[in-house]
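Below sits a lone chain in C-alpha cells, taken as the form predicted on its own.
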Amino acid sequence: MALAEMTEAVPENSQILAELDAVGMRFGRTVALAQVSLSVRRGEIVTVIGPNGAGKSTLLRILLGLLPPSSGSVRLRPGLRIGYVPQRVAIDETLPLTVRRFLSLAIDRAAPGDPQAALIEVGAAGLIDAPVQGLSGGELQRVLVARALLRAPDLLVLDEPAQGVDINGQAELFALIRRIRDRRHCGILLVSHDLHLVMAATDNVVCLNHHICCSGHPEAVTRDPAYRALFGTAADALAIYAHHHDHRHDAHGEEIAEPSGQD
C-alpha cells in the first residue's frame, strides 16, 4: 500500500501501530482536519465518531497513505500490514462473481490466506459459493471483513461497518470485531458517524468534528437523562462517550463559540 509523503516510522519496540501527529487537511478554504493527533496500539480498539462531513473519511485516507496531509505527520510501524474494510463496494450486477472468487482476488502472495478459513472466522462459512450480488448487508460486511483478514493484518481499519446492517446484525458485527481483536491481538480502528453505535468494548473513543473535540474511554450513559432522551431505549444497551461541546463549526470548518449551557 502506497504511503503519503509525510509518513514516518514508529519505533519497532513500540506498541503503537499507527499514529497521526497534528495532522491538518485543507481543500481550498475548507478545513477538513485541524491538528488531529491519535494513535492505535496493538490489541486496542479505537472508535472515531462524529457527524457526517466531520472529516472521518479524510482521516482514514491519510492514515492509509492515499492522501498526503497538508500539515502534520503520519507514523506507521515498520512492515505494518493493514486490512481495510471499506464503507461500500460497487460490484456490477451483471458480473458473475462468487464469494470464493471475490476473496481470491485479495490474497496477498507475501501472506497467502485461506478464503474458507477466513469465512469460518467471521461466521460466514456457508457463503463461499454464493453470488456476491445476492448477499444481504450483514453478509456482505462479514465477507468484507474476511477479505481484510486474508492480509493477516496487524491493523484492521473499518469504515462505517454497520452501514446497511440491521440493529441485530450491528450487535453481531461488533461482537465479531471484538473476537477478532482478542484472537489476533491486532489493533482496530473503527469509524462511525453515529454516537449510539459506539460499542461497549471500545478501548478509546475519539470524537471528531474537523478537529478532536474529545477523546477517552467510553462511559455508560444509561443513567444520564439527556442521553436517554436522545437515544431512547438504545441508551440502555450501548456505551457512549459522554462529553460537552463548547463550539460548533461553520461551512469552512471554522469554530463558532456556543453560549454556556448549550450542547
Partner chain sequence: MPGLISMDDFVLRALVAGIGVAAVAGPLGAFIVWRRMAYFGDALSHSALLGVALGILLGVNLNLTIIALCLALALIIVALQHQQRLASDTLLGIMAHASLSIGLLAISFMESVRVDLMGYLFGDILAVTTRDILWIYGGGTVALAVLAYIWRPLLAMTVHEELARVEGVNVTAVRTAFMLLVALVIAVSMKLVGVLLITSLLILPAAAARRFARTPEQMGVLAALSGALAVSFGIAASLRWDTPTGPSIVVAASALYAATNLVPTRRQATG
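Positions refer to the first chain, counted from 1. Just so it is clear, the model here is predicted, and its values are computed rather than measured.
Unshown form predicted together with the partner chain; subsequent notes refer to it.
**Student:** Should the three residues 66, 91 and 95 be counted as contacting the partner chain in the model of the complex, with contact defined as a heavy atom within 4.5 Å for each?
**Tutor:** Checked in the model of the complex: all three residues contact the partner chain.
**Student:** Please identify, from 165-173, 184-192, 146-154, 69-77, the stretch that has a heavy atom within 4.5 Å of the partner chain in the model of the complex.
**Tutor:** Partner-contacting stretch among the options: 146-154.
**Student:** Report whether the minimum heavy atom distance between residue 101 and the partner chain in the model of the complex is within 4.5 Å.
**Tutor:** Within the cut-off, so yes.
**Student:** Indicate whether residue 177 is a 4.5 Å heavy atom neighbour of the partner chain in the model of the complex.
**Tutor:** Looking in the model of the complex, residue contacts with the partner chain do not include residue 177, since no heavy atom lies within 4.5 Å.
**Student:** Evaluate residue 86 for contact with the partner chain in the model of the complex, applying a 4.5 angstroms cut-off between non-hydrogen atoms, and reply yes or no.
**Tutor:** Although the partner chain is absent here, residue 86 would touch it in the model of the complex, with heavy atoms inside 4.5 Å.
**Student:** Do residue 82 and the partner chain come within 4.5 Å of each other in the model of the complex, heavy atoms counted?
**Tutor:** Judged by the heavy-atom cut-off of 4.5 Å, residue 82 is in contact with the partner chain in the model of the complex.
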